[in-house]
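As structure tokens, one chain now follows by itself in the form predicted on its own.
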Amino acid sequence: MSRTPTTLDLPALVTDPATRIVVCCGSGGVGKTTTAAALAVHAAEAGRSVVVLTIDPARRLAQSLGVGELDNTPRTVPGVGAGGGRLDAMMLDMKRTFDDVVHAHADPQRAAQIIANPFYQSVSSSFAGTQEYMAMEKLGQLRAEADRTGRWDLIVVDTPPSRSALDFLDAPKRLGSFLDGRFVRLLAAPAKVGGRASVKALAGGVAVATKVLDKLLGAQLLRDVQTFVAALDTMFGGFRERADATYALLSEPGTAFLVVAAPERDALREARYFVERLAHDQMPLAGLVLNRVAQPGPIGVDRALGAALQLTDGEESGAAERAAAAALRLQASVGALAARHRAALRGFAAAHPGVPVAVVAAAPTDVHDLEGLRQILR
């Protein structure tokens, strides 16, 4: 049984002082970055002090906000905040954030050893889950600075363009488990004990495993891993603790998750998974943002097709009639698409009747400036 969902009031959400963090999540290519930017602009122009964090490597946020370049440091967006607010924007630099974590939790000598290690350089720039983990790290840092200095009263997060929306919640724990896991500790055992004596002492178990891994990974990579983990030993547990702390922050009442989707089968399936996961984890879901929804024309599909047929049914139809018929057929195709989108929305509402929905109509062109972002919230 299909039903019409309740309406999600996005402007009210981001202007409410009780809302401290808004997390835009969803599968790739559904408009998370544009949604996050539009929400941040609206909140700033309503008088709030906002920072928006994007993890979009295509730099679409910088282009939309009219900022030439974004990096790991929040930068003020010009032309926003006439109502007394302000907007800062930044783009996550995954490796720099990881480097900052190392410097913050290790003495200078050990930090230098870790950062110079080839295995660390690989993990910090390309290991699966690192981007999502560092997004969590940066969110925690921004919230700590906001609490300490009062610089921002709202943080808007555009989550990574992962294959699956669930990666944002799962990857930090996976990376923490890897860095704090038995397998990595096994690799590190000879380096931690030190010298040839340790290899002999551990010959029964570790040497066998090392010999196999030596063949699979190569001797130099294995040594790099062992050296990396030995240098990182004082930080073990810290990765998981900080991930747990930020995870707890995300479950607080001042946080609002927005699941962003397009009115397409795969995107809505991802949205359903995420809604169910948030409910399972007792995370505060504000609702669904359904982007790029086609709007029906002034006349119905059947009527438009019938009129097009009448205009071209006869030997006397000319160029004007053919052009009008083509326009009517185009309107009919858009109307049919709008009907499919409405059906998809009703199907989502039937499966999740308690989830409010904000519908964003499909725009004729891509959003590429501040005025386009303002139009979304209107």
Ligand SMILES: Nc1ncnc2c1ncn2[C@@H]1O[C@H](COP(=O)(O)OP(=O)(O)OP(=O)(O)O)[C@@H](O)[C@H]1O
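One-based numbering along the sequence shown. So that the term is clear: the rigid core is the largest set of C-alpha atoms that superpose within 1.5 Å between two forms. Since we're looking at a predicted model, the values are computed, not measured.
Below, we turn to the form predicted together with this ligand, even though it does not appear here.
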Worksheet item: Where does this ligand sit in the predicted bound form: which of 44-52, 325-333, 29-37, 345-353, heavy atoms within 4.5 Å?
Response: 29-37
Worksheet item: Is residue 13 close to this ligand in the predicted bound form, meaning a heavy atom pair under 4.5 Å apart or at it?
Response: no
Discussion item. Using a 4.5 angstroms cut-off on non-hydrogen atoms, would residue 9 count as touching this ligand in the predicted bound form?
Written reply: no
Worksheet entry | Any non-hydrogen atom of residue 292 within 4.5 angstroms of this ligand in the predicted bound form | yes
Worksheet entry | 4.5 Å heavy atom contact, residue 244 and this ligand in the predicted bound form | no
Discussion item. Which residue, 21, 357, 370, 360, is the contact with this ligand in the predicted bound form, using a 4.5 Å heavy atom cutoff?
Written reply: 360
Worksheet item: Quick one: core overlaid, is residue 33 moving 2 Å or more at the Cα between the shown form and the other one?
Response: no
